[in-house]
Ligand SMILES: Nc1ncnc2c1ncn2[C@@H]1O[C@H](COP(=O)(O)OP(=O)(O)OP(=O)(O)O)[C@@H](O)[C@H]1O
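For reference, the chain that follows is the form predicted alone, supplied as structure tokens.
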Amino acid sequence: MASFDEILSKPSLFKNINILSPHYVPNILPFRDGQISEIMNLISPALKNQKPRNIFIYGKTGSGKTCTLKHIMHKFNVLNSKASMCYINCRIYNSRYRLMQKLLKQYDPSTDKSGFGLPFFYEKLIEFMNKGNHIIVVLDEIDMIKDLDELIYTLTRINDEVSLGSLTIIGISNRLSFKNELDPRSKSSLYENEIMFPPYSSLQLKHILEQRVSEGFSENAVESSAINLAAAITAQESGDARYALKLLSKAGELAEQSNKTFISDEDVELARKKVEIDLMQEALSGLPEHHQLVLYAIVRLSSSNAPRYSRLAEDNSFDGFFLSGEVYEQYSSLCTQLGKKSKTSRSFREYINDLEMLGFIVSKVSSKGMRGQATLIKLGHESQDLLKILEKIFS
């Protein structure tokens, strides 16, 4: 029978597995100097008793947005000024009430009780800021907030009611187009400054992995070719640094299970499928409901039948593709089946753009002559893997 003493006495490929976590914030963030400098300059007025302008940050998953903000927040909050940064995960605190309660709790722990209403939180924040305090609140995955327009209105209105101090919003999202869903007043206040985080290249990912490997793995535990392969696979898939880190971490686990003394290309290839499914499930669960429904519609079409339009069926170059109109019909039908109200075709096009940016689908415009010029849509992953996850979400 195995014992913990026996397990702990075994030599390990890992030196510190926490270093490979996507939540770990290193002291040095490679390839994000420009973004770090720009954000620090934009929030620096708070250190001079002035209100910074609001900021919106966007980019694909794994492009270093959250890590960069946490890195800056650590530097900012050790200055012991009357300005502070507060981080809130909007996937967890996804309503105005819950978020306001969480925000106030950072500065007044006595408010962490049920029964208080929004006006109470509002007045308490004004009271705190009127002591000359400047709050910079980082709203990660801001598009997950159900009543976002109301929240933005509430937070921006606070600044009109304080004589000292201020509140600044930094919103982070994987989806640029979500701003189209905002009220014009919310949009104008939130998008005072926009900063883009591009995906990492293969060479950049290699450097990031080498940095983490030196701290996270035992010496000579990872072959250089395995690092190169993990970086190349990730750059080809998405440029998502979290994917690259999970790939090497999972490869390490598989190598240890096989009693290997180092991680090779073979271990990275074996880890690839497992990591893809894990990250796919995580990404899907974090999508807004109608993004999930549109993707579910495409998956159901891909899993059950070929395109109904003969022009698509006859041309091999269109294998796996569906006309956007066909997808919209399926999406509307699915909404009816699930007792939900489908969105407009305009919103549908935005969902398609977001799903493509996130790597779930591929789209292209057909040549002229096939029902005019149509948008064609195809899944970017195996339909059966997506189907299992989405069926579970909507079961």
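The shown structure was predicted, so the numbers you read here are calculated from the model rather than taken from an experiment. Position 1 is the first residue in the sequence shown; the rest follow in order.
Another form exists, predicted together with this ligand; not displayed. Remarks below refer to it.
- A residue is said to contact a partner when one of its heavy atoms sits within 4.5 Å of a partner heavy atom; P30 meets this definition for this ligand in the model of the complex.
- At least one heavy atom of C67 is located within 4.5 Å of this ligand in the model of the complex.
- Mapping the unseen interface onto this chain, S21 counts among the residues with a heavy atom inside 4.5 Å of this ligand in the model of the complex.
- Remark: F322 does not count among the residues lining this ligand in the model of the complex, judged by a heavy atom distance of 4.5 Å or less.
- Residue heavy atoms within 4.5 Å of this ligand in the model of the complex occur in exactly one stretch of 333-341, 38-46, 347-355, 59-67, and that stretch is 59-67.
- Note on contacts: among R300, R242, K206, K250, the single residue with a heavy atom within 4.5 Å of this ligand in the model of the complex is R242.
- For the candidate set N133, T168, N174, S238, a heavy atom within 4.5 Å of this ligand in the model of the complex is found for exactly one residue, namely N174.
- Counting a residue when any of its non-hydrogen atoms is within 4.5 Å of this ligand in the model of the complex, the one hit in 133-152 is E141.
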